[in-house]
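This document opens with one chain alone, in structure tokens, the form predicted on its own.
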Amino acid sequence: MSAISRAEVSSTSPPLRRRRRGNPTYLLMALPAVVLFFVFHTYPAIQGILYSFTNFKGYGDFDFVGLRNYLQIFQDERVLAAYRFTFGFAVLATVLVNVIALTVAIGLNSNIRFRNLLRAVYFLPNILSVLIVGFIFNYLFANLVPQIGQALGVAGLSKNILGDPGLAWTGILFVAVWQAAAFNIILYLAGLQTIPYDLYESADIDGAGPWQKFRNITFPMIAAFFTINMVLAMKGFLQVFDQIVALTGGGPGTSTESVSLLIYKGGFDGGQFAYQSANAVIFLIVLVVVSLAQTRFLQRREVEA
């Protein structure tokens, strides 16, 4: 019977597959998304790569200059400073976001009162506009925080930290971490809820403490979620843009200028369209390399855990 069924399936499947492949309905369903993606993403990207080999200023005629833009970028101190700021900010923000998100997620996953309400409260920052949040914090840093600092006698907070070249990055870091932690908390919560409670009961019977349970049960069981959160957070913070626009605009001077902001300002306001296109291509390669290296390293850690 089973042999007959397999024979029937094998005799009918190829025509069915051919009919499905030849059905234009499926092609029409997929085609609009492919066309939109190509028009608004792939084509501009290809155009930007081509412009990176020219001296195009964003208007007028242009000539091909070969690799000149790429060679100049590695000697441009402003570009190098933007890369240093971006990577330092991204590494620190990624670590802080994951530590805070994992800690909060463990608390929200425990049997506490108002658990669902607290989950909703912690997720709220994720649905707010980054620019609006940035402008609100800009007002708070300029007006409310200095008043609190003066009342408490804390000299570091008695002024607008966004106006201090040495402290402005801390304000951006605070806002970025506060808003990004919400999404990471959700991912960690999803991972924590996949852990069988029996494991914790067995650990209790064996006399394991909170740290031993976290190290030997919780963290290994959510290792995949840790990898996702680390990669997404690092990628997102390397592309930091909106928070800086709303809080400092890259200043004071160029002390908080990220690579994305420099590409935008130089390309659209500074007449360096081709030059910053070359910078964008290099930055894309850097992002891909960092993401792949990070994923490979963390997946290896998952196996060891």
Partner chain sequence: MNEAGKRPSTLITVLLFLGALSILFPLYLAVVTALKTPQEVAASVFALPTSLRWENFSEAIRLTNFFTAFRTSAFVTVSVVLLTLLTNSLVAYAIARNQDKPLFRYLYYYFISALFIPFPIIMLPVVKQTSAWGMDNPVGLIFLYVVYGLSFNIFVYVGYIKSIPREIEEAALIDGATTWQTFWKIIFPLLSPMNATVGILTCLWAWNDFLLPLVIISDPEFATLPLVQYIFQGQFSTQYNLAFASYLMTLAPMVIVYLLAQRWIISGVTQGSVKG
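The structure displayed is predicted, hence computed values, not measured ones. Positions refer to the first chain, counted from 1.
One more form of this protein should be noted, the form predicted together with its partner chain, which is absent from this view; the next part is about it.
Proximity of N69 to its partner chain in the predicted complex: non-hydrogen atoms within 4.5 Å are absent; the residue sits far from the partner. Among residues of the shown chain, F74 is not one whose heavy atoms approach its partner chain to within 4.5 Å in the predicted complex. The closest heavy atom approach of V65 to its partner chain in the predicted complex falls outside 4.5 Å. Its partner chain in the predicted complex comes within 4.5 Å of a heavy atom belonging to R115. In plain terms, the part of the chain that comes close to its partner chain in the predicted complex, with a heavy atom within 4.5 Å, is 143-151 out of 84-92, 162-170, 143-151, 215-223.
A single residue from the set L157, A208, I186, M230 has any heavy atom within 4.5 angstroms of its partner chain in the predicted complex; that residue is I186. Residues of 32-60 that come within 4.5 Å of its partner chain in the predicted complex, judged by any heavy atom, are A33, V34, L36, F37, F38, V39, F40, H41, T42, Y43, P44, A45, Q47, G48, I49, Y51, F56, G58 in sequence order.
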